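First comes one chain, alone, set out as structure tokens in the form predicted alone.
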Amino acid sequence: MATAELTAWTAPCTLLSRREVGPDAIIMELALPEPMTDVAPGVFAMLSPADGSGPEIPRPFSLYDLPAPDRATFLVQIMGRGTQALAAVPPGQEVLCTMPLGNGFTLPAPERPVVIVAGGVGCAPFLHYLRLRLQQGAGARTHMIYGAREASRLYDYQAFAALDGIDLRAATDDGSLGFHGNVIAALDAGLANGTLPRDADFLACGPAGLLHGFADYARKQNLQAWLSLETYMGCGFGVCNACPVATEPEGPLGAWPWARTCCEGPVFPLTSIQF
């Protein structure tokens, strides 16, 4: 499914609502200054409190969902000063937003299977993706393994479980929900027992350890894979060069030794980067 190329904008957006989805995460819903359609899953926004109460550098967040063309939601894990400042913005006040930024996932043809591997807030690019797959009529060929240390950190798990027709599998390190083990072990088990297709597009997002483990596994298993990288960014649109990733010399980005995660990514084919 092709998506139209959109021009990024920066504007203050009213915070419509905020809800907790775990011990350290919230979902923020923003009113957008203009409707957005044909937005690729995996693109992101740079967010900061509009009143200047946060750090000068905004923080990047994947677009989580589009409840309406003029509304967007973002999954925010509260960790440092930037996310704490965002979490302190009360509904009715404004968040400064620059979006849509970066390159997201391209959906394959409906008949092609997809296997998603997500850890913690790495689920963020995939709710919108799954909705688009359902619109394609491809739910039965769409599988997602959603993992975390424990069930309480499967953020907004019920929203994914409510997508009727998607094969959703939980994996928790402590065994509190679903597969007892990490997502790579769950993926390996699913491929070994034939409940996951090997001839699929494999997509992953999550913390660095998960992504490195997935990249190693995908290369060993010769899987066709894409990564959505989580990294620090300064600007979000390629000026500061704070988010480089080494390219694969023989890959599609090999003409230059480094790629900017904010521009050439955050979604990369595994064959294009050294990761």
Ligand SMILES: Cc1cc2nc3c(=O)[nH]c(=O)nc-3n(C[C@H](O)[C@H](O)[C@H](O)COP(=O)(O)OP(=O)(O)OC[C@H]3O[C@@H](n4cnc5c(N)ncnc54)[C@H](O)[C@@H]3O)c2cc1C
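Note that residue numbering begins at 1 and tracks the sequence as displayed. Here the structure is a predicted model, which means the values were calculated and not measured.
The next section is about a form of this same protein that is not shown, the form predicted together with the ligand.
This chain is displayed alone, yet in the predicted complex one of G175, G137, G80, G92 has a heavy atom within 4.5 Å of the ligand; that residue is G80. Distance criterion of 4.5 Å from any heavy atom to the ligand in the predicted complex singles out V121 from the list V121, A72, L187, A204.
Screening 231-239, 244-252, 32-40, 212-220 for residues having heavy atoms within 4.5 Å of the ligand in the predicted complex returns a single hit, 231-239. Heavy atoms of P60 reach within 4.5 Å of the ligand in the predicted complex, making it an interface residue. In the predicted complex, the ligand stays beyond 4.5 Å of every heavy atom belonging to V115. Contact annotation: I166 falls outside 4.5 Å of the ligand in the predicted complex, judged by heavy atom distances. Heavy atoms of V76 reach within 4.5 Å of the ligand in the predicted complex, making it an interface residue. Residues of 246-266 that come within 4.5 Å of the ligand in the predicted complex, judged by any heavy atom, reduce to P266 alone.
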